[in-house]
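The form predicted alone is given below as one chain in structure tokens.
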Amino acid sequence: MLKNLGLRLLGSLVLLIVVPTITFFLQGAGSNNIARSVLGLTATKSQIDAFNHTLGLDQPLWQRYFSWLGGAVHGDFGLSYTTQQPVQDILAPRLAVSLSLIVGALLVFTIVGMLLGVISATGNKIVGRVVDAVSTVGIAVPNFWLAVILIAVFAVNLNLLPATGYVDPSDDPGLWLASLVLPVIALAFAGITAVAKQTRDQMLLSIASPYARSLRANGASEFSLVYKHALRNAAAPVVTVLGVIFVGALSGSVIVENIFVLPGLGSQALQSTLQHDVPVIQGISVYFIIIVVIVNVLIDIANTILNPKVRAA
């Protein structure tokens, strides 16, 4: 078990280096574009050259990369090209916003999806068909379209929830929760349907398995069979796919944050990309990779606890 977790951590460290490296070289190749984005289209060649020299953009790309990497190892992601602020000062207040959205979506699509999957597997065929239909719709519907529909219905027509904006929980916990309801639903809906379908299929396999028939023959109650035995066996495969669903939700958070005007990492990523602000983009990529690594490690631990075969390996 420890060996498997160690190998996953090692792979995560490699990912933590590879992704920011690719991002750096893709974004950092056009220093002239960076200068013109900051100085404007009317900037002269001498102004661009002076800007590049001040920020070190006239140095070879590999030299700039190793300079950035040396600082990043110590938590220093450099200065923003557009504001000259430390990148960590720009991103730190936005991290809490993104974590509120991402963690909320993870909890919602895990809990609600598994609950719907269990109900579908243990209910009548009509319930199962409804879950199948909703799952198909949920996977096909893009989160930006769903976000617009949610705003139109619950914010504009019914006036039940705020359409945009974010309230800090220290200011008003109630408004904080209200400001996250629609974004979390928009981000989690596809995950709910995917988890529900996966849970339903795994539950049906577990309930129809030979060990389930043996338990029934020995007098086990249906409640114990479903929630103590079948659900535990079905949970391990479901937990495994949660990592894939989470990565999709993480990328979708960029769109959702911009639609609901949430001051998180996703909205900053779009703004910094348009401005060619490479240090900020690099910092955001590192933050996102760290979040993915932490969630995947937690999923591996949960899978190890639920799956005896993994625990014995």
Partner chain sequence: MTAIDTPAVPGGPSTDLPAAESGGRPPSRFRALREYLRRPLGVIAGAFLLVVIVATALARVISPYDPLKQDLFHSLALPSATHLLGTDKLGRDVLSRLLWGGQVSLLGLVEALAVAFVIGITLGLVAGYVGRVIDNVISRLTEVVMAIPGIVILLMVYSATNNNQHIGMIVLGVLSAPTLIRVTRGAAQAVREETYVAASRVTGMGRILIMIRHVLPNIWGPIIVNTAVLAAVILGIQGGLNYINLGVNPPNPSWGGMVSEAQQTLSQQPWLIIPSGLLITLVIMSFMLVADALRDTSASNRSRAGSAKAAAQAVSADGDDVPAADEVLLRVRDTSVSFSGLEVVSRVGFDVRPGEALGIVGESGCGKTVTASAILGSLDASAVTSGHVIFEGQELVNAPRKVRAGIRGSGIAYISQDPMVALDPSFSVASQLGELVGRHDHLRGAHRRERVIDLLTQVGLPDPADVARRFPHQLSGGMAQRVSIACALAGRPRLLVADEPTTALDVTIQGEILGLLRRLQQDTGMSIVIITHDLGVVADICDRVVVMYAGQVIEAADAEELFADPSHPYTRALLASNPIVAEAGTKLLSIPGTVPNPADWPHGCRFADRCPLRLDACTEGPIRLELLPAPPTHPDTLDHAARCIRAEELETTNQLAAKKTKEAA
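Predicted model, so just to flag it, every value in this text is computed and none were measured. Rigid core here is just the name for the largest C-alpha set that superposes within 1.5 Å across the two forms. Numbering follows the first chain given and starts at 1.
Just so you know, the form predicted together with the partner chain exists too; it's not on screen, but the next bit is about it.
Residue contact check for Leu57: none of its heavy atoms lie within 4.5 Å of the partner chain in the predicted bound form. Among heavy atoms of Gly70, none comes within 4.5 Å of the partner chain in the predicted bound form. Remark: Arg94 does not count among the residues lining the partner chain in the predicted bound form, judged by a heavy atom distance of 4.5 Å or less.
In the predicted bound form, the partner chain sits beyond 4.5 Å of every heavy atom of Gly113. Looking at 252-260, 60-68, 34-42, 47-55, the stretch with residues near the partner chain in the predicted bound form, meaning non-hydrogen atoms within 4.5 angstroms, turns out to be 252-260. Of the residues given (Ile151, Ile207, Ile119, Leu106), Ile151 alone sits with a heavy atom within 4.5 Å of the partner chain in the predicted bound form. With the partner omitted here, the residue from Val130, Leu99, Val156, Leu177 that has a non-hydrogen atom within 4.5 angstroms of the partner chain in the predicted bound form is Val156. Of all the residues from 226-242, those having a non-hydrogen atom no more than 4.5 Å from the partner chain in the predicted bound form are Lys228, His229, Arg232, Asn233, Val241.
With a cut-off of 2 Å and the rigid core superposed, Val181 has a Cα displacement that falls short of the cut-off between the shown form and the other one.
Once you line up the core between the shown form and the other one, the Cα of Phe144 stays within less than 2 Å of where it was. Core-aligned CA deviation for Ala212 between the shown form and the other one: 2 Å or greater.
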